[in-house]
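In the block that follows, a single chain appears as structure tokens, in the form predicted on its own.
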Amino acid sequence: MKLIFERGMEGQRCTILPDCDVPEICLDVPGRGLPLRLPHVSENEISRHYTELAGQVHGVNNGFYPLGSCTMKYNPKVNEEAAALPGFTDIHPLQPEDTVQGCMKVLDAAKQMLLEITGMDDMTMQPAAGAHGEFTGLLLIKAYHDSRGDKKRTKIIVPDSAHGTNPASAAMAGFEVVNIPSGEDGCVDLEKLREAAGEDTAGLMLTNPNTVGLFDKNILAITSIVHEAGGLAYYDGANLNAVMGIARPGDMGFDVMHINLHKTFSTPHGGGGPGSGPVGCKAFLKEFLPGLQPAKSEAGYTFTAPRRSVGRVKMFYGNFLVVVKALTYLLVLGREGVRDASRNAVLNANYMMRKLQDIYPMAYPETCMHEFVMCLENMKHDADVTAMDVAKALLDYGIHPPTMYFPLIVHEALMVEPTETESRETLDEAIRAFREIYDCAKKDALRLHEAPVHAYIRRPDEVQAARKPVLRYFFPDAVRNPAQ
């Protein structure tokens, strides 16, 4: 499609501005005087342009979106309505506390519910995303060891099936990353963990259920090993959707964790934000929490700073309206509804896995949690059809591809997370698509190599796209001047 700069023609416009009624002040700024490169389009053309763009975006509102480990669940519209209330949108973060008591109550109410779900003792809403939450949690771990003069604890243990942000966050926080392999069962290898844990261990970062969709049966032993070595246990909450309301990280022995409100608690996800990654911790870490915390007194709410805070990790109080949406979601579901959401997520994943396992080998065929991982290594060997081919073919069925080639411990992996918000009918349609693609792989593999054939964009040269991305638009008649 055309870019907005390639639409319309000179002289077209959609707004007529009045003449300037204040004196003009001209500053000697480099580049001033060059014509602005603004598109000349009518309102009609603008409307068509953005409608066309919207038609090229696939989201949960368009169709099935089984992106593994991301929990792309439906976001109820009542969440958006609550967050759009003027009492929430027409405020300023620098207002006096007595004028935003309702908003402070929202922050506190959401925190109390999330603490109950996670088994933590205190929480900050400041972090803006999951990885931001990881970094914040690691700062708490670092501050804790530093406060005790334990400077030798410089290493963070990370399993090989961890999300890629885990080692990156640990490195950003100044730690050395120690990778440990998974066992044949897809869970943490306890012997390797014991070998890695020692006097230099600051902590362990772990996702449970893990990235292959399994609840680690040795979870209590894992946190005990880390604690016995003097380290702290960090819980990556990316997969909390499988256990919320049923099992609590705090009861598993974890000391600090983050939550993805934009995954588990039904707020917008994708496109770079807005997100929210609240960080919860046990009582002995609360004095290090970042930012200001709403505290309730007889006179109302007031903001207080933890005694030995690591400092702010974001301006003000986090992405407040995202917290409003998450609170709305929790209030609508209630205690039993939260539990039912997890149960349905697990049910949907196991239903889909059982319906496909006769033709698609499962990396770990036992009962899964919220997601499962298919291993297409044999299909690649026998039919020259890769996980990428299957993912591309799903686009022709109106299905967003699952996560491809992750986790790295599974070759030719496709990781599928149906989520609880999909109906059995939708799952059956997706199962039919997977089975038809399998049949096509056996009869006409070349056709899958050309997929998708009905998508807006066919199959681009992904190597060139990665190595030589086109990130700027150059006007045909323009001299390539940095000022332009």
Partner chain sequence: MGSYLSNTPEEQRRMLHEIGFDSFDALFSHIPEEVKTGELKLPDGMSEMEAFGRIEEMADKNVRFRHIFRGAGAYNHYIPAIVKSVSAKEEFVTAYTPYQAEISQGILQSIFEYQTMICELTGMDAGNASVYDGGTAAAEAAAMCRERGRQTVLVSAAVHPQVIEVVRTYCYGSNTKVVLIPEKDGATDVEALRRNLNETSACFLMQYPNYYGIIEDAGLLGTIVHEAGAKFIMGCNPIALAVLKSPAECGADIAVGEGHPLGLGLAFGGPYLGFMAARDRMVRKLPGRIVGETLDREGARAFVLTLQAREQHIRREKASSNICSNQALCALTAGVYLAAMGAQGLKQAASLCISKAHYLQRKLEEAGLYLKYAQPFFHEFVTVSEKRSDDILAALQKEGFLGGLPVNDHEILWCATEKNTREEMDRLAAIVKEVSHEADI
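Not measured: the values here are computed from a predicted model. Numbering follows the first chain given and starts at 1.
From this point on, the text means the form predicted in complex with its partner chain, which you will not see here.
- Residues within 4.5 angstroms of its partner chain in the predicted bound form, judged by any non-hydrogen atom, belong to 338-346 and to none of the other stretches in 190-198, 279-287, 225-233, 338-346.
- Of the listed positions (M374, V385, A131, M123), a single one reaches within 4.5 angstroms of its partner chain by any non-hydrogen atom in the predicted bound form, namely A131.
- Its partner chain in the predicted bound form comes within 4.5 Å of no heavy atom belonging to M9.
- At the 4.5 Å threshold, heavy atoms of K380 stay clear of its partner chain in the predicted bound form, well away from it.
- In the predicted bound form, at least one heavy atom of H262 sits within 4.5 Å of a heavy atom of its partner chain.
- In the predicted bound form, its partner chain sits within 4.5 Å of a heavy atom belonging to L94.
- Contacts between 101-132 and its partner chain, taken as any heavy atom within 4.5 Å in the predicted bound form, involve Q101, G102, C103, K105, V106, L107, M113, E116, I117, A128, A129, A131, H132.
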